[in-house]
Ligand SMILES: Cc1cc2nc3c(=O)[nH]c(=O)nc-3n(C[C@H](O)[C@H](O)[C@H](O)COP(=O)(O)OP(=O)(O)OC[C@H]3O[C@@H](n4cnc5c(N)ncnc54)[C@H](O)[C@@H]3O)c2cc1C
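Presented below, as C-alpha cells, is a lone chain in the form predicted on its own.
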C-alpha cells in the first residue's frame, strides 16, 4: 500500500468510525447501567459478568451485555493484545471458510459488519475484488471491534480456577504480576474450540515424540525447521490440510497424509444447517431430537474447503493415503515410525503432525477441573437408542436455555448455573451458535438476554425501589398538574 493509499484508508476508516458512533447514538446504545451494586464475599462490589476470552465469541458476548445495559463487566484473555483466538496462532488456513457477506459479531448494527469495515478501509472496489476473508484480515477486523466498542479487555490474564463463593463465582486469575481473586455474579466461558477439554491426541500416538518429533496441528510449529524434511500428517480434516499446505510452502520435501476413510467427505452439512431456523430453534427441541441432530452432524464430518485442497495439491511432494488408519506412531531414534492397520511395513517420517481436533473433557479444563464432577453431561441426562449411542458425545455438558451449566446432583453447588458455556461445548444443547461465524449473532442475543433476565430476577427488589423512586412529573406544564401526587 502506497503512503497515499494508507492515508486514504485511514481517512475512510476514521469517517466510518464516526458513522458507528452516530449509529449507536441513534439506537441509544449503550443504555445506562441498571443492575444493583452488590457486595462480594470479600466486601468489594461484585463484577456483574466476567467474560473469559476476547476472541470472536468474547467480543459478541461483551458487546451484547453492554448493549443490554449490563456494563459492569470484565473481559479476560490469556493472550497478548492482537493475538486473541486462533487466527494468528494455530490457524493456518489462507482464508476463512465462511462467505465474506455474513454479518458475524455485528450485533445487528450494519456499520459494525465486516463488509462495512472493509469497505471503509479498502473502498467498495476492494470489497468486490475480495473472494474470501484472509484470516489475518479477519483478526484486524476483530481488533477493530474491540477498539471501536471500547470493550474492557485485560490481556495476559489467565483464569486458572472457578469456584462457588456464596452465591457468586470466585475467579482465580494469573498475570505477569501475580495471582489475584475476582468475584462475579456470572461467568461466560468464551474459550473457543479448545475451551472444553483442550487438544485431542489419540492414545495410539506416543507422547514421547514431543517436543522434537511431533506437534498437534493446533500447537505452535516452527515450519522453517522442517524445510527439506518428510512430514507425516495424521487426519484428513481442515487442520490436516492446512498444516500440510503450510509445511510444503515452507519447503518440506514431502508430506504423507494418512486418512481412515476411503474417500473424503463430499458435502458440508454445516452449510446446509446455516439457516435462521437452526440457529433459533435447536435449543427449543426436546433431548431426543437435539441428540439425533447432533449425532447426524458428527457422523457427517465436513470436507476440507476446496480452496484448501487446491492450495495443498499444487505443491510438489504431497501424498494422501486413503484406507490408512494409523495403528501406532512412535519414536525410533531421530525418526517417527508410523504403523498402518493391516500393513506389515512401517512408514517413517522426520516429523508428525497430529490433526485430530479437540477433546471434550471438562476435567481437562483448568478453570472447571475442580467442578467437573458436579457438572451434568449429556450422558447423565439422556440415554439414546443403541443405534445413536456415541460415548464421545455423551461427555458434552448438558446446558440450560441460557448456556448455563447444570448440576449433576440436586444437592450440587447452585453456583454452577452462574457459569455460561459460550464455546464449542454448547453445540448439542443450543446448536452451532457459539463458534461459527454464521450463528454467532443468534448465540450472543440468546446469551445476553438470558443473563440480563437472570440479573433482573435477582435484583427485582432493587428494580422495584428504583421504580418507586421514579417521580418525573408528566403533567407539570398542564392545568392538571397536582404536586406530590403520582
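Remember, predicted model here, so these are calculated numbers, not experimental data. Numbering follows the first chain given and starts at 1.
Another form exists, predicted in complex with this ligand; not displayed. Remarks below refer to it.
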Quiz item: Counting only heavy atoms and a 4.5 Å cut-off, does this ligand in the predicted bound form sit next to every one of 54, 87 and 97?
Solution: yes
Quiz item: Of the residues 330, 168, 93, 106, which one places a heavy atom within 4.5 Å of this ligand in the predicted bound form?
Solution: 93
Practice problem: Name the single residue among 183, 347, 193, 115 that comes within 4.5 Å of this ligand in the predicted bound form, judging by heavy atoms. | Solution: 193
Quiz item: Only one of 372-380, 203-211, 74-82, 398-406 gets a heavy atom within 4.5 Å of this ligand in the predicted bound form; which is it?
Solution: 74-82
Quiz item: Looking in the predicted bound form, any heavy atom of residue 366 within 4.5 Å of this ligand?
Solution: yes
Practice problem: Spell out, yes or no, whether the shortest heavy atom distance between residue 431 and this ligand in the predicted bound form is within 4.5 Å. | Solution: no
Quiz item: Could you tell me if residue 158 has a non-hydrogen atom within 4.5 Å of this ligand in the predicted bound form?
Solution: yes
Quiz item: Using heavy atoms and a 4.5 Å limit, would one call residue 58 a contact residue for this ligand in the predicted bound form?
Solution: yes
Self-check item: Stretch 409-436: residues contacting this ligand in the predicted bound form, 4.5 Å heavy atom cut-off
Solution: 435, 436
